[in-house]
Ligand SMILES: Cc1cc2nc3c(=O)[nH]c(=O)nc-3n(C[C@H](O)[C@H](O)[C@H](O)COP(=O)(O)OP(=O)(O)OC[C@H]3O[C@@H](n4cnc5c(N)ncnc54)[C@H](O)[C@@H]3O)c2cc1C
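To begin, one chain is listed below as C-alpha cells, in the form predicted on its own.
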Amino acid sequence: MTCEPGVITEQLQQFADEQGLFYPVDFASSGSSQLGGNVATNAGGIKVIRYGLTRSWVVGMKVITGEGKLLELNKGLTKNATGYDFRHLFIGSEGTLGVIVELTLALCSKPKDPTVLLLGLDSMSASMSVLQVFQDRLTLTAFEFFSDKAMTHVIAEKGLKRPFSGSSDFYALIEFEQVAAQDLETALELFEHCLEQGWISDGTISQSTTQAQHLWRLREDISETISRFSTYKNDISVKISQVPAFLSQVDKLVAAAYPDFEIIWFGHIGDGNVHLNILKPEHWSIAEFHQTCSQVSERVFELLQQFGGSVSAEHGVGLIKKPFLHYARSAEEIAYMKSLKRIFDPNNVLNPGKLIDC
C-alpha cells in the first residue's frame, strides 16, 4: 500500500480491512495519529509481540533531506542486498534527518477469530510464567498488563463492570488467534494450569467480539481516563524477563521518596515496554508537581540504566527526554547520531533541537 504521510492510521486499517487484509500496527491514538509520525517515531502499540514495530512494515519510502534532495529508499522491495539501507535511519529519527513525503507499507492476512483472556495475577513475577506457557502453545497477538489502580479508574470513569468478582494487584490481557479448532480448548487448559500453579487467582474469556472489545476497553481506556489528573508519563522499556523486578524497584523508590504520589502502571509487558504514570496530588500545583517528577525521572532513569533499559520505548525523545538520552545511549553512539544529522541536514533546519543538539 503506497500512501502519503498525512494518512490517519485508522484510515489505513479500515482500507486494508475492506480489501480483506490487515495493517497490524495499532494503539489507542490510531484514530488521530498520522502514518508519517508513526514512522518518524517507529511507533509500537498493542500488537508488537506478534507483528513487531512500525519498522517491520515499511518496505519503501521517499524523503526530502535537509539539503532538499529527494531520496527513494528501498522501492518496496522485499529483498535488496545493495549496501546500507538508509530507510532504517529515517525510521525513528523524529524528523531530524528528512521530511517523509511517501510511504509504501506492507499489509498481511487478518488474524483468525481473535479471542481475549483477562487474568488476575497473584504477583507481577507470575506474569513471566503465564507469558511463557501461553506463548509456547498459542499464537499470541497481544500480552498486555495493567494495575488494579488503573482498572479502578477506568471502571469509575467509564461506568464499566469489573470483569470478575475478585481483585488482584495486576492483570494480564492476552489476545490469541484461534488458528486451529482446538485452540480455545488449549487456552482453557492453560488457564487451569495457571490456577493450579498459583500464578493467577481468577480470569475470564471473551465469548464474542463484543465481549472482547469490552475487555480491551479496560486496558485501552486507561490513558484517556487518567489524563484528567495532570498525569506525568514515562514510556520506558527493559528486557522482557526483567519487567517484574524493575517495576518492584520503581515502586519502592517512589513510595519511599514520594509517598503522596499515586502510580498507575500499564503497558506491553509481552515486549518489555511499560508506562509509568504518576497522578498529581490534588493539593499540589502543576509547577511543583512537574519539578518533583523531573527528579523522579532522574532516579528512575538511573535505575533503568542499571537494568540496561531504554528511556523511551515507543514515544520518542523530542525535547523532554533529550537531557536523559545518555542513560540509554553511549557517548560514542550519540556522537555518531550527531554526525549523521550533519550529513543529511547540514544546515540544521529539520526539527532543530529535537533528539540531539548539533
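Residues carry their position along the shown sequence, with the first being 1. On a predicted model such as this, the values are computed, not experimentally measured, just so you know.
What comes next is about the form predicted together with the ligand, which is not displayed.
Among Asp122, Asp148, Glu262, Glu94, which has at least one heavy atom within 4.5 Å of the ligand in the predicted complex? The residue in contact is Glu94.
Using a 4.5 Å cut on heavy atoms, which of Leu173, Val154, Leu131, Ile100 is close to the ligand in the predicted complex? Contact check passes for Ile100.
Looking in the predicted complex, is the ligand within 4.5 angstroms of a heavy atom from every one of Gly36, His268 and His315? Per the other structure, all of Gly36, His268 and His315 touch the ligand.
With a cut-off of 4.5 Å between heavy atoms, is Phe289 one of the residues that contacts the ligand in the predicted complex? Output for Phe289 is no: heavy atoms all beyond 4.5 Å of the ligand.
Contact between Leu325 and the ligand in the predicted complex at 4.5 Å, heavy atoms? No, Leu325 sits far enough from the ligand in the predicted complex that none of its heavy atoms falls within 4.5 Å.
According to a 4.5 angstroms non-hydrogen atom cut-off, is Val59 in contact with the ligand in the predicted complex? Answer no; every heavy atom of Val59 is more than 4.5 Å from the ligand in the predicted complex.
Taking 4.5 angstroms as the cut-off for heavy atoms, does Gln305 touch the ligand in the predicted complex? It does not: once the ligand is placed as it appears in the predicted complex, Gln305 has no heavy atom within 4.5 Å of it.
Just to confirm the contact call: exactly one of 66 to 74, 325 to 333, 294 to 302, 36 to 44 touches the ligand in the predicted complex at a 4.5 Å heavy atom cutoff, so which is it? Only one stretch qualifies here: 36 to 44.
What are the residues of 3 to 33, in order along the chain, with a heavy atom within 4.5 Å of the ligand in the predicted complex? Pro5, Phe27, Ala28, Ser29, Ser33 sit within 4.5 Å of the partner.
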